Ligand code: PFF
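Quick heads-up: it's one chain on its own, the form predicted on its own, in structure tokens.
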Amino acid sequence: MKERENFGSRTAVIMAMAGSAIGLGNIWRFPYLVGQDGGAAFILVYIAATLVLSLPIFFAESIIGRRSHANCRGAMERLAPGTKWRWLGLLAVFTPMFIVSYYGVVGGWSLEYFIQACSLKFVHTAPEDLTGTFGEFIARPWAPVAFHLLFLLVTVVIVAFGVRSGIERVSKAGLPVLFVLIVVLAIYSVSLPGAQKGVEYLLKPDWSKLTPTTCIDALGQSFFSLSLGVGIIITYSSYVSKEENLLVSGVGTAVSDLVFALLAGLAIMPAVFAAGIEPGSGPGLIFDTLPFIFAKMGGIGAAVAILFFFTVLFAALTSCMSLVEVGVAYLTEERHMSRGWSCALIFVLTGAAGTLCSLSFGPLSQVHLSGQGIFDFADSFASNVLMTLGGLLCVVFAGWQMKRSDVFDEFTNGGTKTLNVKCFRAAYFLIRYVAPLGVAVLMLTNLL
């Protein structure tokens, strides 16, 4: 039997997990939620939600993954053999495959806009002529489908190379580049005339805008951004050696994700204010609004556009790799398929489902599920049902099904990590009581 791969170092662990967390959730979703929910007040709630709720769930999934050293389905069989918890394992495999089907569509949009930036389209087009071009593009029948499939193909090819040669190598090489690029973009953005209002919007909280909806959005964004409830953390942690410190890797991932999200806000919001555009422009902010801004920048707009959409594209790629790896781990270990054939099967299935999602903006726009288009239904169902249910079950499993001694053993490396031992009681309380309650509230709120 082939020996199971592990990540090569602590740096590789943090880079891979941070790469899964740092994605379109930070660049595409976070800025428009900040604009929609009142700026700094939302950000402070988001940070608190990450540390108090999402990080304990991250620890719970990490403990499950490393304790079992197996894929999501195998983890449940090893830790709770012969029980109904096996359904959690199957849910944790199905959810990321479901998400890839529409996430790859947005990845395709990122690829298309990167190519447009490289062709200098945004600086050779009058700003007013760019208005509405995003809607026109996604409504076209087959171009978005082609970019979706190309993006997905690149993803599965990288994953096919394996944990160390594929995922680890790309994450270690690409994540530092992402941080450098987003810092460069943030510095440029805050230097624009009129950008000061955007910086104040991000840093000065207006507590009058803090509403229950703001809190729920911040909680949901924190959950979404750290890739919780989708089997990624379980799968990646199963590749972590027993010597690695789960407290350090968890905090390192959460901090990296928070810092990148804040930098993304600084890269986008000051530019939005400088251009006199409404900050709550919604999900189309980076694809519809920002090209308009790049066009108004003149010559330097070309370089800024290329850097920005390369950052968006690579962030989408690292997140999509982690989603695909969950399915590959299941197929190779439980169904005994080769890594190459597993990647091929996932490409065909998610590519076909993603094609339907993409066409829902064009030829299939009249097809509705629960009153929503196919893409919007997939996004809503994954975020509001699958992810929250998976996260809730994982934290309940670690807090109530696993033995306390086993959780202690994984979290503290057998009691050898002094800081972890000191933090264990608080972490276990959050895992056992606070996190399940928080996720349950989020789930019920989303469903009502």
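All of these numbers come straight from a predicted model, not from anything done at the bench. A residue's number is simply how far along the shown sequence it sits, counting from 1. Take the two forms, find the largest set of C-alpha atoms that superpose within 1.5 Å, and that set is the rigid core.
The same protein also exists as the form predicted in complex with ligand PFF; that form is not shown, yet it is the one meant from here on.
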The one residue among M387, A398, L53, V34 placing a heavy atom within 4.5 Å of ligand PFF in the model of the complex is M387
In this chain shown alone, the residue from S342, S225, S238, S360 with a heavy atom within 4.5 Å of ligand PFF in the model of the complex is S225
Closest heavy atom of L24 to ligand PFF in the model of the complex, within 4.5 Å or not?
yes
Report yes if any heavy atom of Y103 sits within 4.5 Å of a heavy atom of ligand PFF in the model of the complex; otherwise report no.
yes
Residue contact check: I99 to ligand PFF in the model of the complex, 4.5 Å heavy atom:
yes
4.5 Å heavy atom contact, S319 to ligand PFF in the model of the complex
yes
Region of this chain that lies against ligand PFF in the model of the complex, out of 227-235, 243-251, 301-309, 186-194 [heavy atom, 4.5 Å]:
227-235
C-alpha of G399 off by 2 Å or more between the shown form and the other one on rigid core:
no
